[in-house]
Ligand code: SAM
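One chain comes next, on its own, written as structure tokens: the form predicted on its own.
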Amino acid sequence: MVLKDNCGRPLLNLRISITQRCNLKCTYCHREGEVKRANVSAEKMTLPEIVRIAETAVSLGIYRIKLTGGEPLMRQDVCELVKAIAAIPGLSDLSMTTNGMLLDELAVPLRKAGLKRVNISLPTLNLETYSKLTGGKLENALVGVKAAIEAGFPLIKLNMVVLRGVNVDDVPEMINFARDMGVILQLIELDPINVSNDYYSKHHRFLTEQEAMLRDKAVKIETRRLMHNRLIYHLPDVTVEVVHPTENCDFCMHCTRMRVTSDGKLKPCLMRNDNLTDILTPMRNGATDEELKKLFLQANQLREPYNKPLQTQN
């Protein structure tokens, strides 16, 4: 069974924010679209509650789950959580987004627990730029990247949010680094979410020039049909994906995602917070498995493309 929304888009992926706590302060962070940090001192959802939400999702045909935050590795029980979710029958992919700061100690335990993939945020290889953007130390992030590689994750991606006037010129160096490390680089446009209008206007940059360069060098260009129709550029010795969601009808029309906020609400669209469905409160009030499924069905019907294609007028 595969759930589809009113536009015929399948629901295949679930992103679960397991905490809003973070050990960095990235200026560009969209916090999975949550308006404010739900709880910076502790987590809102317990391990069993998150696992039950994941089980409900998988029972409805969702087969890929990504754990997000905040910084997911801030949770003390993250390895136990990964192990419990990885054991759900029918789940084919469990991944995580992280800033990499804590991967040095956790990469191997997470891999053993069943985590299959990691996306590591790495906006630059410049020490000063990294510090200004994140408040952290680049060397700690690089240690995390190497730890993930040594742990044997079969797929590792570096997420680089490209910012005008900040790190645009760092793209070639990042491509070379991804090549040297044997990982995939994702170039990501800045989202207009949880940043000021001034920040977005100053730093948003379309990736037109970067894509032209990638097209010239690519030996193969692939389209991820079930991931927003994003393009993958296979260069001779490195792979680069390009993600540009803003003002992008194609991105929205091929969305297969739903999110769970850190305080237990089903979130149909990254860009909106006016159509959330509370699943945590009913669960704590004794909701049955069938009632939880109905909440997912309800939230799925609220899914619609945020950026819709213009209708041709007769």
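In case it trips you up, residue 1 is the first one in the sequence shown, and so on. Because the structure is a prediction, the values reported are computed rather than measured.
One more form of this protein, predicted in complex with this ligand, exists but is not displayed; see below.
- In the predicted bound form, at least one heavy atom of residue 15 sits within 4.5 Å of a heavy atom of this ligand.
- Although the partner is absent from this view, residue 191 contacts this ligand in the predicted bound form, with a non-hydrogen atom inside 4.5 angstroms.
- The closest heavy atom approach of residue 271 to this ligand in the predicted bound form falls outside 4.5 Å.
- Although the partner is absent here, residue 29 lies within 4.5 Å of this ligand in the predicted bound form, judged by heavy atoms.
- A heavy atom within 4.5 Å of this ligand in the predicted bound form is found for one listed residue only; from 59, 277, 256, 68, this is 68.
- Shown without its partner, this chain lists 126, 140, 239, 97 as candidates; in the predicted bound form, only 97 has a non-hydrogen atom within 4.5 angstroms of this ligand.
- Segments offered: 174-182, 157-165, 107-115, 75-83. Contacting this ligand in the predicted bound form at heavy atom distances within 4.5 Å is 157-165.
- Shown without its partner, the chain has no residue in segment 199-222 with a non-hydrogen atom within 4.5 angstroms of this ligand in the predicted bound form.
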